[in-house]
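To begin, one chain is listed below as C-alpha coordinates, in the form predicted on its own.
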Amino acid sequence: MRVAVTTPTGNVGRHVVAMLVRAGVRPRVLLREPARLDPALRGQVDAFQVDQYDADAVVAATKGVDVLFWVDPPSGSPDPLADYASATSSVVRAVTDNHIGRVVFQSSVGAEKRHGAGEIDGLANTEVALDALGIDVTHLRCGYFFTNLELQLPALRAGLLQVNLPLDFPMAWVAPRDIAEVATTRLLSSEWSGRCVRAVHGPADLTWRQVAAILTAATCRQIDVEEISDDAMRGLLRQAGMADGQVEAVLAMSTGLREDFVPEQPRTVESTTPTALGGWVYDHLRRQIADLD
(Lines give C-alpha, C1' and ligand atoms only; values in the text may rest on other atoms or scores of the structure.)
Protein backbone atom coordinates (compact mmCIF):
# COMPACT_ATOMS: atom_id res chain seq x y z
CA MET A 1 0.00 0.00 0.00
CA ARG A 2 1.42 3.36 -1.06
CA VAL A 3 0.28 6.07 1.36
CA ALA A 4 0.80 9.81 0.98
CA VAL A 5 0.49 12.28 3.85
CA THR A 6 0.09 16.05 3.59
CA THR A 7 1.08 18.54 6.32
CA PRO A 8 3.40 15.87 7.84
CA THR A 9 4.91 18.29 10.36
CA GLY A 10 1.55 19.63 11.55
CA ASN A 11 -0.24 18.94 14.81
CA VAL A 12 -1.94 15.85 13.37
CA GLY A 13 0.25 14.94 10.40
CA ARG A 14 3.43 14.42 12.41
CA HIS A 15 1.66 11.77 14.49
CA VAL A 16 0.19 10.12 11.37
CA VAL A 17 3.64 9.80 9.82
CA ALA A 18 5.13 8.28 12.98
CA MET A 19 2.24 5.83 13.34
CA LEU A 20 2.55 4.70 9.73
CA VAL A 21 6.27 4.13 10.16
CA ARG A 22 5.62 2.09 13.30
CA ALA A 23 3.11 0.04 11.28
CA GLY A 24 5.83 -0.81 8.76
CA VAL A 25 4.69 1.60 6.05
CA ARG A 26 7.11 3.93 4.28
CA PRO A 27 4.85 6.93 3.64
CA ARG A 28 5.30 9.57 0.99
CA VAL A 29 5.15 12.99 2.63
CA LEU A 30 4.31 16.28 0.93
CA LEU A 31 5.57 19.46 2.58
CA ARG A 32 6.95 22.89 1.80
CA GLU A 33 10.03 22.61 3.99
CA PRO A 34 11.57 19.10 4.14
CA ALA A 35 14.11 20.36 6.71
CA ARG A 36 11.28 20.57 9.25
CA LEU A 37 10.83 16.79 9.26
CA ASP A 38 11.82 14.97 12.43
CA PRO A 39 15.44 13.90 11.79
CA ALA A 40 14.64 10.47 13.21
CA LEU A 41 12.02 9.94 10.48
CA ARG A 42 13.85 11.29 7.45
CA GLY A 43 15.26 7.90 6.51
CA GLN A 44 11.86 6.25 6.93
CA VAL A 45 9.82 8.38 4.51
CA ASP A 46 9.96 9.62 0.93
CA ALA A 47 9.78 13.41 1.13
CA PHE A 48 8.51 15.62 -1.69
CA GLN A 49 8.88 19.38 -1.50
CA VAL A 50 5.42 20.58 -2.51
CA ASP A 51 3.22 23.64 -2.17
CA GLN A 52 -0.31 22.25 -1.80
CA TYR A 53 -1.69 25.24 -3.68
CA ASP A 54 0.31 24.15 -6.75
CA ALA A 55 -1.90 21.54 -8.38
CA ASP A 56 0.76 20.40 -10.87
CA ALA A 57 3.24 19.78 -8.05
CA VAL A 58 0.67 17.86 -5.99
CA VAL A 59 -0.23 15.70 -8.99
CA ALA A 60 3.44 14.90 -9.62
CA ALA A 61 4.11 14.08 -5.97
CA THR A 62 1.12 11.72 -5.64
CA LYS A 63 1.68 9.68 -8.79
CA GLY A 64 1.34 5.99 -7.97
CA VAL A 65 -0.28 6.62 -4.57
CA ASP A 66 -3.07 4.29 -3.41
CA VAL A 67 -4.29 6.15 -0.31
CA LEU A 68 -4.04 9.86 0.53
CA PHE A 69 -4.34 11.69 3.84
CA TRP A 70 -5.32 15.20 2.82
CA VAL A 71 -5.29 18.23 5.10
CA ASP A 72 -6.07 21.63 3.64
CA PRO A 73 -3.01 23.71 4.60
CA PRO A 74 -3.47 26.64 6.99
CA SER A 75 -4.08 29.91 5.21
CA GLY A 76 -1.99 32.99 5.84
CA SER A 77 -3.55 35.21 3.18
CA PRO A 78 -6.19 37.95 3.47
CA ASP A 79 -8.64 35.62 1.67
CA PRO A 80 -8.56 32.23 3.43
CA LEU A 81 -11.50 30.78 1.51
CA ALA A 82 -9.69 31.42 -1.76
CA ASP A 83 -6.76 29.44 -0.40
CA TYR A 84 -9.07 26.59 0.59
CA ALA A 85 -10.52 26.60 -2.93
CA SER A 86 -7.00 26.43 -4.38
CA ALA A 87 -6.07 23.50 -2.15
CA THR A 88 -9.32 21.76 -3.07
CA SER A 89 -8.48 22.11 -6.75
CA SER A 90 -5.12 20.48 -6.06
CA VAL A 91 -6.53 17.41 -4.33
CA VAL A 92 -9.24 16.99 -6.97
CA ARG A 93 -6.61 17.09 -9.72
CA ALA A 94 -4.36 14.64 -7.88
CA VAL A 95 -7.15 12.14 -7.22
CA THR A 96 -8.49 12.40 -10.77
CA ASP A 97 -5.21 12.37 -12.69
CA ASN A 98 -3.58 9.67 -10.57
CA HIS A 99 -6.69 7.52 -10.05
CA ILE A 100 -6.31 7.59 -6.26
CA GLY A 101 -9.16 5.47 -4.98
CA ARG A 102 -9.11 6.25 -1.25
CA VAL A 103 -8.80 9.52 0.64
CA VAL A 104 -8.99 10.34 4.35
CA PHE A 105 -9.74 14.04 4.73
CA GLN A 106 -9.26 16.04 7.93
CA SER A 107 -12.43 18.12 8.18
CA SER A 108 -14.17 19.70 11.16
CA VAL A 109 -17.30 19.69 13.22
CA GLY A 110 -19.39 22.39 11.56
CA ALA A 111 -18.56 21.42 7.98
CA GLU A 112 -22.03 19.86 7.78
CA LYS A 113 -23.47 23.39 7.80
CA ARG A 114 -21.79 23.97 4.41
CA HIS A 115 -22.12 27.76 4.76
CA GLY A 116 -21.82 30.36 7.49
CA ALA A 117 -18.96 28.98 9.57
CA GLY A 118 -15.97 30.99 8.32
CA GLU A 119 -12.89 28.96 7.51
CA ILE A 120 -14.84 25.77 8.14
CA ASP A 121 -16.76 26.59 4.94
CA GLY A 122 -13.51 25.93 3.09
CA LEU A 123 -13.37 22.42 4.58
CA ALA A 124 -17.02 21.89 3.67
CA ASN A 125 -16.24 22.76 0.06
CA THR A 126 -13.42 20.22 0.03
CA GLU A 127 -15.81 17.58 1.37
CA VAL A 128 -18.29 18.33 -1.42
CA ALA A 129 -15.60 18.23 -4.10
CA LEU A 130 -14.23 14.87 -2.89
CA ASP A 131 -17.75 13.42 -2.68
CA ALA A 132 -18.33 14.32 -6.32
CA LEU A 133 -15.38 12.15 -7.43
CA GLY A 134 -17.11 8.88 -6.54
CA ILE A 135 -14.12 7.53 -4.61
CA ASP A 136 -13.85 5.91 -1.20
CA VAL A 137 -13.53 8.88 1.14
CA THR A 138 -13.66 9.34 4.89
CA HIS A 139 -14.27 12.82 6.26
CA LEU A 140 -12.98 13.21 9.81
CA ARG A 141 -15.23 15.75 11.54
CA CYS A 142 -12.87 16.82 14.32
CA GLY A 143 -13.68 18.72 17.47
CA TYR A 144 -11.83 21.73 18.91
CA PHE A 145 -8.09 21.03 19.03
CA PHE A 146 -6.35 21.13 22.41
CA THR A 147 -3.46 22.82 20.61
CA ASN A 148 -5.59 25.90 19.92
CA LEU A 149 -4.81 26.85 23.52
CA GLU A 150 -1.19 27.39 22.50
CA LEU A 151 -2.36 30.45 20.53
CA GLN A 152 -3.38 32.06 23.84
CA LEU A 153 -0.20 31.45 25.83
CA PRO A 154 0.44 35.14 26.64
CA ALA A 155 -3.11 35.51 27.97
CA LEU A 156 -2.90 32.25 29.90
CA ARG A 157 0.34 33.38 31.53
CA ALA A 158 -1.60 36.47 32.66
CA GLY A 159 -4.29 34.19 34.10
CA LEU A 160 -7.09 35.05 31.67
CA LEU A 161 -8.77 33.20 28.82
CA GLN A 162 -10.96 35.39 26.58
CA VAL A 163 -13.59 33.89 24.28
CA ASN A 164 -16.55 35.15 22.26
CA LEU A 165 -18.74 32.15 23.09
CA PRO A 166 -21.08 31.65 26.03
CA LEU A 167 -19.05 30.33 28.95
CA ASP A 168 -21.45 27.42 29.44
CA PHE A 169 -21.39 26.48 25.74
CA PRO A 170 -20.24 22.83 25.48
CA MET A 171 -17.92 21.72 22.68
CA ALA A 172 -16.07 18.56 21.78
CA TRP A 173 -12.37 19.01 22.65
CA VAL A 174 -9.83 16.62 21.12
CA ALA A 175 -6.11 15.93 21.16
CA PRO A 176 -4.43 16.01 17.72
CA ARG A 177 -2.77 12.69 18.47
CA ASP A 178 -6.20 11.08 18.88
CA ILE A 179 -7.21 12.46 15.48
CA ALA A 180 -4.04 10.98 14.01
CA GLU A 181 -4.85 7.58 15.47
CA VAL A 182 -8.28 7.58 13.83
CA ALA A 183 -6.82 8.83 10.56
CA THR A 184 -4.10 6.19 10.52
CA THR A 185 -6.49 3.33 11.22
CA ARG A 186 -8.68 4.52 8.34
CA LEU A 187 -5.69 4.82 6.01
CA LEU A 188 -4.61 1.25 6.76
CA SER A 189 -8.04 -0.38 6.93
CA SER A 190 -9.70 -2.10 3.98
CA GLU A 191 -12.94 -2.62 5.91
CA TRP A 192 -14.68 0.52 4.69
CA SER A 193 -15.79 1.89 1.33
CA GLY A 194 -17.89 4.64 -0.20
CA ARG A 195 -18.49 7.96 1.51
CA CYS A 196 -17.97 7.85 5.27
CA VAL A 197 -18.11 10.54 7.92
CA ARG A 198 -16.35 9.81 11.21
CA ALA A 199 -16.56 12.25 14.08
CA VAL A 200 -13.53 12.63 16.36
CA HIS A 201 -14.89 14.16 19.56
CA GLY A 202 -12.24 13.59 22.21
CA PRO A 203 -13.20 12.22 25.62
CA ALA A 204 -15.84 14.79 26.65
CA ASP A 205 -17.76 17.91 25.67
CA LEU A 206 -16.43 20.78 27.77
CA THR A 207 -17.70 24.27 28.52
CA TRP A 208 -15.26 27.16 28.71
CA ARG A 209 -15.80 27.33 32.48
CA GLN A 210 -14.76 23.68 32.71
CA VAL A 211 -11.73 24.34 30.50
CA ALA A 212 -10.62 27.19 32.78
CA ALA A 213 -10.98 24.91 35.81
CA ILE A 214 -8.97 22.18 34.09
CA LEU A 215 -6.24 24.67 33.17
CA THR A 216 -6.15 25.92 36.77
CA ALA A 217 -5.85 22.42 38.22
CA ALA A 218 -3.27 21.20 35.69
CA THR A 219 -1.01 24.28 35.97
CA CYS A 220 -1.52 25.15 39.65
CA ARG A 221 -2.16 28.72 38.50
CA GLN A 222 -5.51 30.49 38.61
CA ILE A 223 -6.91 30.79 35.09
CA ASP A 224 -10.12 32.75 34.74
CA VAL A 225 -12.30 32.88 31.64
CA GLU A 226 -14.15 35.92 30.29
CA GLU A 227 -16.74 36.21 27.55
CA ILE A 228 -15.99 39.18 25.30
CA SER A 229 -17.89 40.74 22.41
CA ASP A 230 -17.30 39.88 18.77
CA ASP A 231 -15.83 43.36 18.24
CA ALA A 232 -13.41 42.86 21.12
CA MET A 233 -12.35 39.54 19.61
CA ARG A 234 -11.84 41.27 16.26
CA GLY A 235 -9.50 43.68 18.00
CA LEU A 236 -7.49 40.85 19.56
CA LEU A 237 -7.17 39.05 16.23
CA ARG A 238 -6.04 42.25 14.51
CA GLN A 239 -3.49 42.81 17.27
CA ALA A 240 -2.18 39.33 16.48
CA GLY A 241 -1.43 40.55 12.95
CA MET A 242 -4.37 39.12 11.02
CA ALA A 243 -5.74 40.88 7.97
CA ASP A 244 -9.45 41.74 7.93
CA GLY A 245 -10.35 38.77 5.74
CA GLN A 246 -8.56 36.39 8.09
CA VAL A 247 -10.20 38.01 11.12
CA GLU A 248 -13.70 37.49 9.77
CA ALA A 249 -12.99 33.92 8.67
CA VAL A 250 -11.64 32.99 12.11
CA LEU A 251 -14.39 34.85 13.97
CA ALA A 252 -17.13 33.14 11.99
CA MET A 253 -15.89 29.72 13.10
CA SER A 254 -17.26 30.69 16.51
CA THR A 255 -20.22 32.87 15.59
CA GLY A 256 -21.45 30.40 12.97
CA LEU A 257 -21.67 27.54 15.45
CA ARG A 258 -22.76 29.16 18.68
CA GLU A 259 -26.51 29.46 18.04
CA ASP A 260 -28.82 26.49 17.37
CA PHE A 261 -26.01 24.31 16.02
CA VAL A 262 -26.13 20.61 16.75
CA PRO A 263 -23.34 18.43 15.29
CA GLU A 264 -24.57 16.02 12.65
CA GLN A 265 -22.68 13.17 14.34
CA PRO A 266 -23.68 12.59 17.96
CA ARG A 267 -21.12 11.47 20.51
CA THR A 268 -20.73 7.68 20.36
CA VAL A 269 -18.25 5.04 21.43
CA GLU A 270 -16.66 5.37 17.97
CA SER A 271 -16.31 9.14 18.12
CA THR A 272 -15.02 9.27 21.70
CA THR A 273 -11.23 9.21 22.00
CA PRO A 274 -9.17 8.79 25.18
CA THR A 275 -6.79 11.70 25.73
CA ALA A 276 -8.07 14.01 28.48
CA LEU A 277 -7.48 17.75 28.35
CA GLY A 278 -6.05 17.91 31.90
CA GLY A 279 -3.30 15.39 31.18
CA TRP A 280 -2.48 17.07 27.87
CA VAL A 281 -2.22 20.50 29.53
CA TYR A 282 0.02 19.08 32.27
CA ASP A 283 2.32 17.49 29.68
CA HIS A 284 2.35 20.22 27.02
CA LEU A 285 1.35 23.60 28.48
CA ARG A 286 2.04 23.58 32.23
CA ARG A 287 5.68 24.62 32.00
CA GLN A 288 4.99 27.19 29.26
CA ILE A 289 2.14 28.82 31.19
CA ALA A 290 4.16 28.84 34.38
CA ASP A 291 7.12 30.14 32.34
CA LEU A 292 9.37 27.48 33.83
CA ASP A 293 12.79 26.59 32.44
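A quick note: this is a predicted structure, and the numbers were derived from the prediction, not measured. Counting begins at 1, following the sequence as shown.
From this point on, the text means the form predicted in complex with a small molecule, which you will not see here.
- Every residue in the set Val50, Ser108 and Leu123 has a non-hydrogen atom no more than 4.5 Å from the small molecule in the predicted bound form.
- Contact with the small molecule in the predicted bound form, defined as any heavy atom within 4.5 Å, is confined among 233-241, 39-47, 264-272, 66-74 to 66-74.
- Not displayed here, the small molecule is kept clear of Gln222 by more than 4.5 Å at the level of heavy atoms in the predicted bound form.
- In the predicted bound form, the small molecule sits beyond 4.5 Å of every heavy atom of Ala117.
- The shortest heavy atom separation between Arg258 and the small molecule in the predicted bound form exceeds 4.5 Å.
- In the predicted bound form, the small molecule sits beyond 4.5 Å of every heavy atom of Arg26.
- Note on contacts: among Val104, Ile100, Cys142, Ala180, the single residue with a heavy atom within 4.5 Å of the small molecule in the predicted bound form is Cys142.
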